[in-house]
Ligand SMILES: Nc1ncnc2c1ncn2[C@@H]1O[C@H](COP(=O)(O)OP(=O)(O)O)[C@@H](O)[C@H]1O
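Shown below, as structure tokens, is a lone chain in the form predicted on its own; questions about how it binds or moves come after it.
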């Protein structure tokens, strides 16, 4: 499989972290190494993946000196001689479970902390300079909304997935994200529908969005039950083979989201 750097975004509450978790689980079937980066200021990807000791991870925000060292950058020099690699990143910055590696940007700790600009700068440099080999993938769970795009945090990713639910406010936010993502040069952008109850929900979204949905996920009781019980969501990836397969085909370039290829998008809950 060709290497991939994927980011996911959307309005708060649309289920982007849940979809990222089950997509990451699906990635383990195709990639030898899958790195998930939780860049949400209120991180909870660890719980979604089933990683219980997330507090043991050193946040990416504390990686400044390491990035300088690993990239070969000298003081005052604008050049990077080498790129950091996944295999080179120290274990203290990540935890691993069932083939998934997790890194955490770091949460804003106090109400008056303001913008985590320094932390996002570190993340941006890591994404841009991180060198991947075949069968390696990085999945980035962004904060909700559009602010991260204004900081250029996702510069360096190959594909942005925007999650939408059947509501006008979700679509409005998705369109703002798409606009900013295009302005910062993200090469590929796709929409994913979530919490879809029926064909009417899917049609509602498709009429408002400029591009075809590459996949839709049903309003799944299994996910709600897992979240309420505090159990991992990632293992539920087996419940959604059709939408996950469609996403993988788009990410690998087998089909596109322009409407030139037929995509069977609705998956059944099992």
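Everything numeric in this text was worked out from a predicted model, so none of it was measured. Residue numbers count along the first chain shown, from 1.
Beyond what is shown, the protein has a form predicted in complex with the ligand; the following relates to that form.
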Q | Which of 50-58, 212-220, 241-249, 25-33 lines the interface with the ligand in the predicted bound form (heavy atom within 4.5 Å) | A | 212-220
Q | Partner-contacting position among 190, 195, 136, 170 - heavy atom within 4.5 Å of the ligand in the predicted bound form | A | 195
Q: Flag residue 13 as yes or no: does it have a non-hydrogen atom within 4.5 angstroms of any non-hydrogen atom of the ligand in the predicted bound form?
A: yes
Q) Should residue 227 be classed as touching the ligand in the predicted bound form when contacts are defined as heavy atoms within 4.5 Å? A) yes
